[in-house]
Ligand SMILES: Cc1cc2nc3c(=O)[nH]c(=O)nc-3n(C[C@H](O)[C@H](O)[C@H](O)COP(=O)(O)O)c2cc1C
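Single chain ahead, written as structure tokens, the form predicted on its own.
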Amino acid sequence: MKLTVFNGSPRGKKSNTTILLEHFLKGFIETDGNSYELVYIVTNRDVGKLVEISKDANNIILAFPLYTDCMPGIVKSFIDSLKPLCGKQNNPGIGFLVQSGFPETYHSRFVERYLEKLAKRLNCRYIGCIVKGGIEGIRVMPHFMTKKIFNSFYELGKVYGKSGRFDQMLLNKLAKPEHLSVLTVLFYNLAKLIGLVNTYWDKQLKENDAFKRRFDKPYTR
């Protein structure tokens, strides 16, 4: 099987999306005869080239993060560029990987519905959608905290490499939790009160010289 993977993270090779794809593709290529091409949208802004790559693909996986429930602008532009596929026959099958920092999967279900409709509009066979929350920070998490996630992505890639389909049991496993439990909500509320919730994000703001502007409200003017 020949697979074309589009990584839609603005962080490119240093992204959490890249890490998840590495494990998925490791499982995928275990099947003899499988090969893949990995394209980083953020470093390939030639829309015409991206469209041609899509046309020539046998199967496509588009992977990207959600930022506060929204897909990155480069991903939306890429999707818009696929309009030439509409109405054509023998288009490639297309699947998706959507990851976010929100722990609960429910945040991503709405974009999942959109992506399924998108596949139909493009006249592409819908392979499915991998949805995983709680991913922000996996780059710095210790191995024992990421082992199960990475193993699941590896197994998912392995099954897909053999069957051309996403295993539903693995999808369900990765999707947990769908909603936060009452105890988890209470924990987050407590962590917010004592300032633990903001520790990671404050670090990000400081690294990008934006900490002093964290309370700005540009859209209220």
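So that there is no doubt, residue numbering starts at 1 and follows the sequence shown. Keep in mind that what you see is a predicted model, and the values were worked out from it rather than measured.
The form predicted together with this ligand is left out here; the points below concern that form.
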- Within 4.5 Å of this ligand in the predicted bound form: all of 198, 203 and 216, by heavy atom? no
- Report whether the minimum heavy atom distance between residue 67 and this ligand in the predicted bound form is within 4.5 Å. yes
- Proximity of residue 150 to this ligand in the predicted bound form, heavy atoms at 4.5 Å: no
- Query: Even though this ligand is not shown here, does residue 93 get within 4.5 Å of it in the predicted bound form, heavy atoms only?
  - Reply: no
- Message: With the partner left out here, check for me: in the predicted bound form, does some heavy atom of residue 101 sit within 4.5 Å of this ligand?
- Response: yes
- Message: Given the stretches 79-87, 142-150, 114-122, 128-136, which is the single one in contact with this ligand in the predicted bound form, using a heavy atom cutoff of 4.5 Å?
- Response: 128-136
- Even though the chain is shown alone, can you say which residues of 143-181 have a heavy atom within 4.5 Å of this ligand in the predicted bound form? none
